[in-house]
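Quick heads-up: it's one chain on its own, the form predicted alone, in structure tokens.
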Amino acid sequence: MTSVLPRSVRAATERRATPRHYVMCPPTYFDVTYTINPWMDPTVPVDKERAMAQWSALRDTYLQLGHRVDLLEPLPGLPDMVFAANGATVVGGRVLGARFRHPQRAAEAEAHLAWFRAAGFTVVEAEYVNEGEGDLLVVGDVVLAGSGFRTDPAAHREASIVLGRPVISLELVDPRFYHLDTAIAVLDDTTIAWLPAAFSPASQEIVRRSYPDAIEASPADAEVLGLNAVSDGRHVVLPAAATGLAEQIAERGFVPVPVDLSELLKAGGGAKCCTLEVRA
């Protein structure tokens, strides 16, 4: 297989990567046929072949980095199912299922739960609306939990109980950054990158107090979903257009791995949206 990774990625040694286990879903039925976030415009055509090629390059990138990727079977009529991160949150082998805000995505939740049940995981069906790792981000021993547009604040306590981790609640205020994973990138167990303006003043204070060394992304990089990134502790897979953020994380010793997911961006998704991490 021809490497899709830049030479700098293969040579850099600043930080140590940890092998990860991901679940992804091919964009077989991907399209923009409705509007449930500001990125979606059904009048803008989607190049489905290009979307598949970009998604495949993302999967191949993970495989070349040494990670495991399992696939969820896509279902017709669920064009957003490619955004696998929204379907569940997994910590210690325990799965908190998603409950979607919008009816267009509701059936995705059961598809994820069925996959995890078949794989032998302990599964808990959600009582309150939560959109998986879209709004529940694991950072070391805590979970950062977003609300404001999708996930119900009541789901934060539910997540803490099911996942056995303390939860820090954060309020999103900019509809372009409708999920927490569009406004915060988890780089390792103690390091995040974020866009302060996406949060309420009270939540900004919480983040600054909790992560005083956090990387602050520029609005320009956030607006190409640069923070919708996936890190293994060393390599950070992020949109190729987020060049400033790539420089910032490289200065901290991480290795940026740029990918082009411009077709999936038409639905408001990026690398993290496509990637559900399975934490055993």
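This is a predicted model, so every value here is computed, not measured. All residue numbers are counted from 1 along the displayed sequence.
Missing here is the form predicted together with arginine; even so, the following discussion is about that form.
No member of the trio Ala193, His235 and Phe254 reaches arginine in the predicted complex with any non-hydrogen atom inside 4.5 Å. Of the candidate stretches 111-119, 203-211, 167-175, 84-92, only 84-92 has residues with heavy atoms within 4.5 Å of arginine in the predicted complex.
Comment: arginine is not present in this chain, but in the predicted complex one of Leu65, Val69, Met40, Met52 has a heavy atom within 4.5 Å of it, namely Met40. When contacts are judged by a 4.5 Å heavy atom cut-off, Ile36 counts as touching arginine in the predicted complex. None of the heavy atoms of Gly146 is located within 4.5 Å of arginine in the predicted complex. A residue is said to contact a partner when one of its heavy atoms sits within 4.5 Å of a partner heavy atom; Asn130 fails this definition for arginine in the predicted complex, lying far away. In the predicted complex, arginine sits within 4.5 Å of a heavy atom belonging to Ala267. Shown without its partner, the chain has Tyr178, His179, Asp181, Thr182 in segment 168-182 as residues with a non-hydrogen atom within 4.5 angstroms of arginine in the predicted complex.
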